[in-house]
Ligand code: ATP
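There is one chain below, alone, in structure tokens, taken in the form predicted on its own.
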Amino acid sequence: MFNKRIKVKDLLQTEQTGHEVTVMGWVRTFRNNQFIALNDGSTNNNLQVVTELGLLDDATIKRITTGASLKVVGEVVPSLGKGQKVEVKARTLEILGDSDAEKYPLQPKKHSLEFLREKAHLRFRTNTFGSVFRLRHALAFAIHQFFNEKGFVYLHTPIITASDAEGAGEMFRVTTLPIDGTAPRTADGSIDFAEDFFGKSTNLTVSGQLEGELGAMAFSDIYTFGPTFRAENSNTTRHLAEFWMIEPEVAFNDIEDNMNLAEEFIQYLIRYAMEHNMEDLEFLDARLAEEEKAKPQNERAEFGLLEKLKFVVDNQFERITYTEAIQILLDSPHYKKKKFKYDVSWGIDMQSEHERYLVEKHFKKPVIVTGYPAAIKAFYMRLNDGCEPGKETVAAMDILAPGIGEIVGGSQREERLDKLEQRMKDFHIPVEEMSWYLDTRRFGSVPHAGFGLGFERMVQFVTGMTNIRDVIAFARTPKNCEF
């Protein structure tokens, strides 16, 4: 059998010596024609493979270059080098794939993140991205484990949909009609989507929430975890056109239940990463500390990465209303010294700079903001009772995290049919086309709530990466769809 290999991570954790193993991986470095640093992606740590002088001919030695792949069979022996207990003394060495040293882009030196984004198909082989994507995997696994332990049903909501859950209109259209101007037209000159594949206008989903509500009305507790799409022309370190969302929806939950679930969920994910991927977190913590040293003192983060994660796990999130948040901003030295780029007043949709001020400067921990103005929130959010005219608020909640701002958005849903229909009319959403959604309010409506957690923003928070394009394998952003 060809693949009887042991993974580098497993081998480095053993103290047993004197037995034969097969290891395979890619060359990181080759020193003195004798010492090979081999890595297979299971850990950032390299395995030292020692080739005795005379074992390899000159032609083979010249082919052992950075990036080349090897199969090595040899004896596990105690290591005299620092940092590892064992190494492998090669008995046979086979080159599985050559790598031209002159052309291989990832030489054994430090590369900028900007450079590595252009080499996204190879950047997994670096220590930074090895750690980031092992953590992304761990967090994805922990998501399913958390909800499974709570008895939730995992619902696969559609990627192609005719509904716009957010009412924002920033969607990617899906069509099989020709785009050369020959598509069929209606009497008023608009494109006739009745002739399209689905017989109507369809888009890539911006959220699985509306379909998730249908599931919650039968199973009580459901969650979705899948890709979502926004055709938003935002070229920032916080936005992607294609990203992954986790969206639980729970019948018989109110806004407080919703906040409790979201806080418990975030703490669970961080705790899981700290229990299972501490080696990667320690590497990223050290990397971030080096990055912080280069910044002016007043721009440095309050906590190191591991300190921040531990603080979030060990402390309850601060909970304030939107009205209280606006007052804090208005009273802040930052506002009085005109350091905010965007103005502050009741009714605004808070910008990232406002959110980050609340969590990083004022409270110095994650904050849950509730009771947003109805005018700036989606149609399905429950109107709060007893609001004064012109200051209507909804039972919405956002969780704001240090470093990135909003990480979770959610709400108690409007379960009252008459109120929901009025909100839909206010937002110019065709009530007739959404009859299927309104059926959940016609037949056994119950209080229910849910939220959406942007997975990439969660990965950003846990890894300390400052650009969202560095926590997804192949970023989809305006004017960029490489690989």
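All residue numbers refer to positions in the sequence shown, first residue = 1. Keep in mind the model is a prediction, meaning the values are calculated, not measured.
Keep in mind the form predicted together with the named molecule is missing from the figure; the text below concerns it.
Colleague: May I ask you to check whether Glu213 falls inside a 4.5 Å heavy atom distance of the named molecule in the predicted complex?
Modeller: Flag for Glu213 set to no.
Colleague: Considering non-hydrogen atoms and a 4.5 Å limit, does the named molecule approach Gly452 in the predicted complex?
Modeller: Output for Gly452 is yes: heavy atoms within 4.5 Å of the named molecule.
Colleague: Do Ile468 and the named molecule share at least one heavy atom pair within 4.5 Å in the predicted complex?
Modeller: Because a heavy atom of Ile468 falls inside 4.5 Å of the named molecule in the predicted complex, the answer is yes.
Colleague: Are any of the heavy atoms in His448 no more than 4.5 Å from a heavy atom of the named molecule in the predicted complex?
Modeller: Heavy-atom contact with the named molecule at 4.5 Å: absent for His448.
Colleague: Non-hydrogen atoms within 4.5 angstroms of the named molecule in the predicted complex: do Met245, Val408 and Arg457 all have one?
Modeller: Yes, all three are in contact.
Colleague: Among Glu232, Asp98, Glu94, Asp192, which has at least one heavy atom within 4.5 Å of the named molecule in the predicted complex?
Modeller: The residue from Glu232, Asp98, Glu94, Asp192 that makes the contact is Glu232.
Colleague: With the named molecule left out of view, which of Ala138, Leu106, Val174, Leu240 would have a heavy atom within 4.5 Å of it in the predicted complex?
Modeller: Exactly one listed residue reaches within 4.5 Å, namely Leu240.
Colleague: Please name which of the stretches 399-407, 277-285, 197-205, 75-83 has residues with heavy atoms lying within 4.5 Å of the named molecule in the predicted complex.
Modeller: Among the listed stretches, the partner-contacting one is 399-407.
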